[in-house]
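Shown here is one chain on its own, the form predicted on its own, set out as structure tokens.
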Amino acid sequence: MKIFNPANGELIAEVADDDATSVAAKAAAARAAQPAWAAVPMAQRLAAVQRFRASVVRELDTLAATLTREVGKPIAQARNELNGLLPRLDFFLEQAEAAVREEQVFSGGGMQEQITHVPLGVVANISAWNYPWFVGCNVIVPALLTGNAVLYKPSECATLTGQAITRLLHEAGVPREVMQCLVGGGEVGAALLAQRIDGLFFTGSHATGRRIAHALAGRLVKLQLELGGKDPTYVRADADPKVAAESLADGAMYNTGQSCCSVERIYVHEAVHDDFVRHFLATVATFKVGDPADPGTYIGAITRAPQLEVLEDQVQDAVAKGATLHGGGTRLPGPGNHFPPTVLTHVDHRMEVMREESFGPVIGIQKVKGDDEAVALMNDTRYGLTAGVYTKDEAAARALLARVNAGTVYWNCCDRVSPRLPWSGVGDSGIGLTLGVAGIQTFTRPKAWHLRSP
């Protein structure tokens, strides 16, 4: 498999990919090795992840450079991802043992009732390219800590990073058979689905998630799908338009807009709309577009070339239906996949840019008359990943966000993930969850014990 730099089209590497035969062999090896790994004391599994964490710190600059070269993520943001991984690992290390500790829920009359948490067994993880360290380790690390074997297929757009994750875990003491990396595209993913697995954890597009769900429908395998979003934010009349604009510009454009929780549509009260747009455009104008290896670059490359056409089509559709385009709107000339920050106003829900995931540095800003209109528009979607409100009134924010259908909600912030909170979605944003204590327990099944004394 050939790996190209999306920022300039240069060939980075050629790696041996898997096929149906090698996938089957790796799955069989993982199945055979999993019981012994589950029998390893938790303290030893925790120590392995501690060593993995130390290796990430030691190799951070090299790992960030690899991520930038194969994904097109600006180097400063690649370092941010790796540094941001560390508190997630710390959370798993701090909480894993307690999350799966045996629970006694009743004792009386000679009867005891207990719950233990048993590993699922062999966990398959088809992961994403936009945050490969975050998204991969959200599954891999708690799965390993709870005694599972992992068959990990990184995105073909982040293969080198996936191989680095696997290498560091092996060096940290996780047996090779327990942590297997599968290299390749859709055909390797299909071969993985054909194996005997006990759980499938996927992060990616809604379309691929549906295909996976159909493929596993008759198998009764635990399935988690972390899919996309069309994440809305509402700026109320009492919000500071400058503060909100600066925050939301970053929330919309960070990682070149290639985040499932990027701000994808903004509703602004008519009382502050014009000031908000002015400050938003001024902020976006400061975002440097260019070589992702340049520490000053804020907008890097679009990782997948086909997405350039999606972005252009959304902009053209919006303009044809009456939107106003404020700069950008089309791919930049020259080598590589580059798209400039693009802002659209006078938008509405007839336009694709307000209904379908953009996954790029494109944002629509719509004027609204009040809270009820804003909430109705925020809920006018098949997705439900994140949503936010900017206001000085906490009670109003809580009341509004309680009415919005989303797995995660924000008050005066956006595009934020915490290891302490579960990450989940509503509707076409997926099923299941990662992160939080529940995101550790999701890699186990509860076993109920009824124990009567003789």
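The first residue of the sequence shown is number 1, and the count goes up from there. Because the structure is a prediction, the values reported are computed rather than measured.
Keep in mind the form predicted together with ligand NAD is missing from the figure; the text below concerns it.
Novice: Can you say which of 240-248, 351-359, 336-344, 366-374 gets within 4.5 Å of ligand NAD in the model of the complex, counting heavy atoms only?
Specialist: Among the listed stretches, the partner-contacting one is 351-359.
Novice: Quick check on this chain: which one of P87, G185, G290, G173 has a heavy atom within 4.5 Å of ligand NAD in the model of the complex?
Specialist: Exactly one listed residue reaches within 4.5 Å, namely G185.
Novice: Under a 4.5 angstroms heavy atom criterion, identify the one residue in I212, I75, L160, L311 near ligand NAD in the model of the complex.
Specialist: Here the answer is residue option I212.
Novice: Report yes if all three of Y267, M378 and T391 come within 4.5 Å of ligand NAD in the model of the complex by some heavy atom, otherwise no.
Specialist: No, none of Y267, M378 and T391 comes within 4.5 Å of ligand NAD in the model of the complex.
Novice: With heavy atoms only and a cut-off of 4.5 Å, decide whether L227 touches ligand NAD in the model of the complex.
Specialist: Judged by the heavy-atom cut-off of 4.5 Å, L227 is in contact with ligand NAD in the model of the complex.
Novice: Look up in the model of the complex whether S155 has a non-hydrogen atom within 4.5 angstroms of ligand NAD, and give yes or no.
Specialist: Although ligand NAD is absent here, S155 would touch it in the model of the complex, with heavy atoms inside 4.5 Å.
Novice: Does C260 reach ligand NAD in the model of the complex if we count a contact as any heavy atom within 4.5 Å?
Specialist: C260: contacts ligand NAD in the model of the complex.
Novice: Should I126 be counted as a contact of ligand NAD in the model of the complex, where contact means heavy atoms within 4.5 Å?
Specialist: Although ligand NAD is absent here, I126 would touch it in the model of the complex, with heavy atoms inside 4.5 Å.
Novice: Could you list which residues of 190-210 come within 4.5 Å of ligand NAD in the model of the complex, counting heavy atoms only?
Specialist: Read in sequence order, the residues that approach ligand NAD (within 4.5 Å, in the model of the complex) are A190, L193, F202, T203, G204, S205, T208.
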